[in-house]
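One chain follows as structure tokens, the form predicted on its own.
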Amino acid sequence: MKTFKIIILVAIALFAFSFTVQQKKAGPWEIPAEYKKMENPLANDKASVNKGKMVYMKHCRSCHGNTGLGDGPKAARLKTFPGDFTSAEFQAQSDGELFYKSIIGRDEMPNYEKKIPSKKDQWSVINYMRTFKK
């Protein structure tokens, strides 16, 4: 019985590993110039970050993970890796670029304009995502 349990656990681990190995990196985004230059209208203060965290935990965590590593419970089911928000490459993007990617979306990244209708909440998520910087 113990051997059977070990075999089942190994099979599950291999299955889960095969899912993550097959994920591809997302291709380059075409972001309109207006978004590249767009500035976050909110101060990056404690209140905004706390609000952003609440919104992130409700809408983003399931794919992007608790700490922005792209390791949320739904991430393994995606064809594309959801990204690492702690990386220098991610953090180097403008707030407008992050807004476009996070709120407008494309492909497996859904549009959140209706799910997060408040502009203040949308921009607060961007402020919260900045806290993942290494």
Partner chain sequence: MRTKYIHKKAKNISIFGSITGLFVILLILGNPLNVNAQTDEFANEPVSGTFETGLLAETQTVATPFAGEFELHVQHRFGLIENGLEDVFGIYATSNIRMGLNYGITEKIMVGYGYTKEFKLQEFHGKYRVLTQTESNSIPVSVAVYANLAINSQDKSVFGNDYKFSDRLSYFSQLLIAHKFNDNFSLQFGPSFTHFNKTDTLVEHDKVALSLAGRAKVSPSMSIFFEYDQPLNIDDMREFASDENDPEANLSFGIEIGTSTHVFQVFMSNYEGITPQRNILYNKNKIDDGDFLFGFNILVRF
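Positions refer to the first chain, counted from 1. Please read all numbers here as calculations on a predicted model, not as lab measurements.
We do not show the form predicted in complex with its partner chain, though everything after this point is about it.
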| property | result |
| --- | --- |
| Distance check, residue 57 to its partner chain in the predicted complex, heavy atom within 4.5 Å | yes |
| Residue 22, heavy atom within 4.5 angstroms of its partner chain in the predicted complex | no |
| Its partner chain contact in the predicted complex: residue 103, any heavy atom under 4.5 Å | no |
| Residue 45: touches its partner chain in the predicted complex, heavy atom cutoff 4.5 angstroms | yes |
| Selected contact from 41, 32, 73, 27, since only one has a non-hydrogen atom within 4.5 angstroms of its partner chain in the predicted complex | 41 |
